[in-house]
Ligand code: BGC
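The data below hold one chain only, encoded as C-alpha cells and taken in the form predicted alone.
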C-alpha cells in the first residue's frame, strides 16, 4: 500500500509529462531482428486485453519478431502468469511485455529475467517492488481519474434535475492492480473538495480506496456491493450518481440502481475503456461517460520501444519522475486519455470504425 500511495501522490506532479527524453536504465545491447518477444497479459475479461493480444500478435509479426502471447486464466491465481513469464525467459525471449495480473508478485520472475539479460516493459499496469522493470507504457492514469471525477460532477449538474447537494457513492478497482489507486486518487483530487464543502454527500461514508475496492474488477462484485449500498442507504433517499472506474463495473452499477427503481435518465455513472456495450449505453442515455484509451496506439508505442531495444537504442519516454514502484522510478511513456460523452462520441471515435458505427446508428 505504501508503494501504491507513493505512486498515486506523485501522479499529479513532475515536469516530465509530454517531453520526450530517453530512459535512465540504458538500452539492451541489441538482439536479432527475428527474436522472440514475450507478451504476458492478465485475462480476457476485458475487451481491451483481448484486442491487445491480437494487436501484439500481428504487430510483432509485421515487425519481423516471433510473438509469444499468453494470458493468465481469469479463474487462476497469479501463479499461472508467473509460470508463463519464467517459461518465456527459459525459451529465449529478449523482451517481455507484462500486463500484470498482480503487479506486486512478480519479483522472482523479473529477477530471473534480469539475470538472463531480458528487458521488461510494464504494459498498462505498473509492476511494483522490484528494480527489474526497465520501462512502463500506459495512458496517463492519474489524468484518467481526474477526467472521471470531473465527468461525475458534469453529469450530476446536467442530469439530476436539482441543485446540489448530490448523493453519490464511490467505487474503485481491484486492490491487486496498481492502477486502481491511481484512478481513484485522480478522481478524488477533483471530488474531495466538493465532498468537503457539501456539494457532494457520500451517504454510506465509504470514501477510501480500500472501502470502495472491487476485487478482480468483477461485475458481480460491483453489483453485489451496489445492491447492499442501495438497501442500506437509499431505501427512502435518492441516489444521484456513482464514480465507477471502468465500463464493466459501470454497467453492473446501472443494473443495480435500475433494479432498485432509480430513474436512470437522472442518474450519472462514469466509466473507462470504451467497451462496446457501454458506448451503446451512453448513446441510449444511460451511462454518462467513458474514457477512450486507444489500445491500438498503446500497443504501437510498445512495439516502437521493442524495435529500439532490438537496435540497441534507448526507447523514447516522456516521464522520468512520476512512476515510483516502491524501489525505483520507472521511465515511462504516457499517452493522453480522452473523456467521451454522448455529445462528443462521434469526434472521439472518428478513428474507431466499430464504435463510430454504433454512435451514428444512435443519432
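In this text, all values refer to a predicted model and were calculated from it rather than measured experimentally. Numbering follows the first chain given and starts at 1.
The same protein has a further form, the form predicted in complex with the ligand, not shown here; the description that follows concerns it.
J.: Which of these stretches, 152 to 160, 178 to 186, 222 to 230, 82 to 90, has heavy atoms within 4.5 Å of the ligand in the predicted bound form?
T.: Residues of 178 to 186 come within 4.5 Å of the partner.
J.: Does residue 293 make contact with the ligand in the predicted bound form, using a 4.5 Å heavy atom cut-off?
T.: Judged by the heavy-atom cut-off of 4.5 Å, residue 293 is in contact with the ligand in the predicted bound form.
J.: Decide whether residue 234 counts as a contact residue for the ligand in the predicted bound form under a heavy atom distance cut-off of 4.5 Å.
T.: Residue 234: no, not in contact with the ligand in the predicted bound form.
J.: Can you tell me whether residue 217 touches the ligand? I mean in the predicted bound form, with a 4.5 angstroms heavy atom cut-off.
T.: Residue 217 belongs to the contact set for the ligand.
J.: Do residue 102 and the ligand come within 4.5 Å of each other in the predicted bound form, heavy atoms counted?
T.: Flag for residue 102 set to no.
J.: Only one of 125, 94, 143, 194 has a non-hydrogen atom within 4.5 angstroms of the ligand in the predicted bound form; which is it?
T.: Of the listed residues, the single hit is 125.
J.: Identify which of 46, 36, 70, 322 has a heavy atom within 4.5 Å of the ligand in the predicted bound form; exactly one of them does.
T.: Contact residue from the list: 46.
J.: Would you give me the residues of 269 to 295 that have any heavy atom within 4.5 Å of the ligand in the predicted bound form, in order from first to last?
T.: 272, 273, 293 sit within 4.5 Å of the partner.
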